[in-house]
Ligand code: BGC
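Single chain ahead, written as structure tokens, the form predicted alone.
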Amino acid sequence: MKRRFLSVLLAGVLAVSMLAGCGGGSDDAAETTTETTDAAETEDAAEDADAADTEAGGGLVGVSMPTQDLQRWNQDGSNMKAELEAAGYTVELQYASNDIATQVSQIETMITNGCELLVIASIDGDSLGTVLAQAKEQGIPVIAYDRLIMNSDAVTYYATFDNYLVGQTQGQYIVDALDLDNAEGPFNLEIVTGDPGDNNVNYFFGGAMDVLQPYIDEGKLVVPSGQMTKEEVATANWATETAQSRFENILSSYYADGTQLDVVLASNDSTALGVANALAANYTGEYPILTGQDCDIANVKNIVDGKQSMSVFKDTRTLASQVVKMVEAVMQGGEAEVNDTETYDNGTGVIPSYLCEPVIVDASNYQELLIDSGYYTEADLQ
């Protein structure tokens, strides 16, 4: 009997509670709870969708390259576009024909078109401050590609090969090829570097000269033309024709009497090609050691034919892959991987950088490094 009474009493209490739950005040509370739950579910769904989009890539990335006149920039641009698209991004790729105003205009258009991140290989590292200020105002990150953009605080990261090491590698190749530590010399040297507006020239030239200067000071290396400063040996726009014209003048002025030219330090392949062309037309002595960089097809053919000694290989696939990783990290709101936080000061501070390592290509290993790796085909070098 007691149990039955307690059961009836409990049922009554529950019934009263349920009736109370149907009152007006409780309706508002229930409604609020339902709305809050729906909003939370909607927000969670949106966040899940955004996360899925982010994981799969997505977003518009602007890629600005300086020119299509040099083979390496075509490879850089196409590799970058392919890798970014494979990661799920839409890519706006533009080449600026080595014209600063064109590059500025193209970057402005990228900003207007809604690019969420910019990858820029600048023509002149000092000429993008105004347009990049616009990017910074709109919160668009900027990755400087291969060439450091100077005097702009809009640069978020820098991705390149170790360009000082490139110069050192060229210098050390000359030291080893001439056996400068043991040979008496003197050996005749001439120097050709690149565009004075390209900040990389400072590293290519500086790295090589840091290696070679002690031998110049010792007298084992001499420069008959006397042209040794960065300004004297520069080549506007890295142009092959400009390098060829200058070197033809050097040959006619200092080597026409049969003086032996032993070595030419050329900072890249477009300038090395100009030197090789000048030598072919105007020089009858023993062929000199000739350095280069980029492994352009014409230069690799010259290496195979014995007209160029080496080229520093900077595999653009490696750099493109690293930049894609940096893009993904930034687009997901994180920080990109870097391996240098000390070297590259653009005038507003040190830019966090990722440096890929270059390697030497010569007649002994071009097959393995360039053809077997798929960078070129046998047909490319015919």
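This structure is a prediction, so every number in the text was calculated from the model and none was measured. Just count from 1 along the sequence shown to find any residue number.
There is another form of the same protein, the form predicted together with beta-D-glucopyranose; it is not shown, and what comes next is about it.
Note on the partner interface in the model of the complex: the residue among V324, L70, V330, C356 having a heavy atom within 4.5 angstroms of beta-D-glucopyranose is L70. Stretch 71 to 79 is the contacting one of 215 to 223, 257 to 265, 185 to 193, 71 to 79, since its residues have non-hydrogen atoms within 4.5 Å of beta-D-glucopyranose in the model of the complex.
beta-D-glucopyranose is not shown here, and in the model of the complex it never comes within 4.5 Å of any heavy atom of F205. Proximity of F247 to beta-D-glucopyranose in the model of the complex falls outside the 4.5 Å heavy atom cutoff. Contact check for R147: a non-hydrogen atom falls within 4.5 Å of beta-D-glucopyranose in the model of the complex.
Under a 4.5 angstroms non-hydrogen atom cutoff, beta-D-glucopyranose in the model of the complex lacks Q103 among its neighbouring residues.
Residues W238, D294 and K314 are all found to lie within 4.5 Å of beta-D-glucopyranose in the model of the complex, as judged by heavy atom distances. Counting a residue when any of its non-hydrogen atoms is within 4.5 Å of beta-D-glucopyranose in the model of the complex, the hits in 185 to 221 run D198, N200, F204.
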